[in-house]
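For reference, the chain that follows is the form predicted alone, supplied as structure tokens.
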Amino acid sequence: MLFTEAVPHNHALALRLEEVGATDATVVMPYADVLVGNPETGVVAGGAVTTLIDAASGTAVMAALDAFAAIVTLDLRIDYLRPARPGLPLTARAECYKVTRLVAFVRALVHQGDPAMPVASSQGTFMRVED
């Protein structure tokens, strides 16, 4: 519940936190007509996919930190590998593979049920905000 309460656009996109590990997170975005970027094809807009990846990546970073800290996205590179099939949810699994004193490094993959057929992949960095 905190996942959507703390970040209102996660709630607006109906993002659902499925799983959190020590350094990883899996987030699902259900298909919805309001997310469609191209009405002729029914393909979900890239901005919605970006938000899904950012949410999963940020959650993986939070899981990897030794204590709660505010974080911000420094950089998020996304490669769109194929259009998402209309009508199916999108699943993002992110892994935080390195944490330094201020910066965390994350990679993520988005798929629609088969991780071997990804829709997008990403590489990102997040910064721990200090008081």
Partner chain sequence: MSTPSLPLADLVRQVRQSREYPRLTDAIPYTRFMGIGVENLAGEMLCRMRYAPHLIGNSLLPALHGGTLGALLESSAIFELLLKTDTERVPKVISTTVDFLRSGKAQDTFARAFITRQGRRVANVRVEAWQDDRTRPIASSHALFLLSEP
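Positions refer to the first chain, counted from 1. Just so it is clear, the model here is predicted, and its values are computed rather than measured.
Another form exists, predicted together with the partner chain; not displayed. Remarks below refer to it.
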query	finding
Interface membership of residue 79, the partner chain in the predicted complex, 4.5 Å heavy atom rule	yes
Contact of residue 37 with the partner chain in the predicted complex (heavy atom, 4.5 Å)	yes
Non-hydrogen atom contact residue 103 with the partner chain in the predicted complex at 4.5 angstroms	no
Contact label in the predicted complex: residue 13 to the partner chain, heavy atom within 4.5 Å	yes
Contacting member of 88, 63, 69, 74, with respect to the partner chain in the predicted complex [4.5 Å, heavy atom]	74
In the predicted complex, residues of 110-126 near the partner chain [heavy atom within 4.5 Å]	none
